[in-house]
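Next up: just one chain, as structure tokens, the form predicted alone.
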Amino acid sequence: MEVSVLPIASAHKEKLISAGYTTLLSIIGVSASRLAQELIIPHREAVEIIKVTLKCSRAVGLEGTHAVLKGSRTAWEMLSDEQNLKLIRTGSEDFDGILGGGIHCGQVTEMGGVPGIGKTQLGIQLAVNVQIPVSYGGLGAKAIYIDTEGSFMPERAYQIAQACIMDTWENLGFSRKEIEDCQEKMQPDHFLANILYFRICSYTEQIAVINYLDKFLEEHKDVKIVIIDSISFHFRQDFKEMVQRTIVLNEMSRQLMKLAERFAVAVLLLNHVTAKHTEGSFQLTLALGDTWSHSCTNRVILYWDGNDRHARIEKSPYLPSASAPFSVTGKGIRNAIAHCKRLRMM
């Protein structure tokens, strides 16, 4: 049942809907303190909203405990679902190794690092790799690329697609007839046509697109990865009110988690680094603060070690802490190349 039926002030209804509480069930089980914080209202008003919600829920047979029990799942079902989730390879076997085989569908993965480390290259590579046909070890799916900075390069995507196609033929050793049979799909222009691109110019556009993704994915069930490059750009540039920013980011992360689980898509969030003052010194950390660090399933830090690029698992509920080298080559993301020169950022 929709929040609009609640006998509460219209201002409170608007705040509930803006914060993502669109149904009675979405409010049931939320603490009054959390509701007060997210809606920026006094604690007593949050308590009253919860009381009214529970009363209305009982009237229509949607009591909290009943709703929770009705939607329960066994741990065995959850494990089976996780084991059946698909993986998207990065292009580097070493990188895939620390990820448990690749980027996991059904999860939100955040990857961040300094400028020039290869974040956008990685995003483009995954938007290409997800399209490799199932019979060749891919998912045969499409990608959504949400570009907040204008860093996506179609020319680079074309190069990476060309290299991906050549590697697929060479590594799997197909006959000439097999190559001819799927010649149409294994073309760079076909790969680029399956990258659905959104250019975002403000945080309000970013929020609007993420709100729209639920409907979009419902209509495009062949999409298996959503890439946001980067998640933090407009929120660092345009947002001045930190409390409100935290509320909006929390709702955004919750929506992305729901999308990943509901549609079994991989959500990749590319992020920047920022300096954090800790115990008298400055350290580099991913942008958007400590609260945001809990907004994803897996968190990966990309960093330089001398002239070599490395990826390190910083946070994951099931992956052990580990690191692996990788390279950004003309072909895209690949295993580390010895003595690879580090380009200086001007």
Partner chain sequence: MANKLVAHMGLAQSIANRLAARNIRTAKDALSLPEFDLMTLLGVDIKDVKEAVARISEVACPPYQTALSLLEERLMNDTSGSRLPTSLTGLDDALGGGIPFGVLTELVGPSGIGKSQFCLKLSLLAALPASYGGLDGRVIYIDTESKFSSRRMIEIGRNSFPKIFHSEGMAQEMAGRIIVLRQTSLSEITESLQQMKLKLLQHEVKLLVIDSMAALISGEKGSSSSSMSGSHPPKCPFSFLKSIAEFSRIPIVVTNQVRGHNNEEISRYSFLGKDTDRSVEKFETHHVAALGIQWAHAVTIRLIFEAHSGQKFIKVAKSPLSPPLAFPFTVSSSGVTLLSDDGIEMIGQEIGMIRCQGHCILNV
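Just so you know, these numbers come straight off a predicted model, no measurement behind them. Residue numbers count along the first chain shown, from 1.
What follows is about the form predicted in complex with its partner chain, which we do not show.
Given its partner chain in the predicted bound form, answer whether the residues I207, R236 and R254 all have a heavy atom inside 4.5 Å of it. Per the other structure, all of I207, R236 and R254 touch its partner chain.
Contacting member of V52, A32, L319, L284, with respect to its partner chain in the predicted bound form [4.5 Å, heavy atom]: Contact with its partner chain in the predicted bound form is made by L284 alone.
Would I247 count as a contact of its partner chain in the predicted bound form, using a 4.5 angstroms cut-off between non-hydrogen atoms? Yes.
Check whether I301 has any heavy atom within 4.5 Å of a heavy atom of its partner chain in the predicted bound form, and answer yes or no. I301: contacts its partner chain in the predicted bound form.
Taking the shortest heavy atom distance, is S26 within 4.5 Å of its partner chain in the predicted bound form? Heavy-atom contact with its partner chain at 4.5 Å: absent for S26.
Taking its partner chain as it sits in the predicted bound form, is P154 near enough to touch it, meaning that at least one heavy atom pair lies within 4.5 angstroms? Heavy-atom contact with its partner chain at 4.5 Å: present for P154.
Of these, 107 to 115, 162 to 170, 260 to 268, 90 to 98, which stretch puts a heavy atom within 4.5 angstroms of its partner chain in the predicted bound form? Only one stretch qualifies here: 107 to 115.
Heavy atom within 4.5 Å of its partner chain in the predicted bound form - qualifying residues of 304 to 329: Result: W304, G306, N307, R312, E314.
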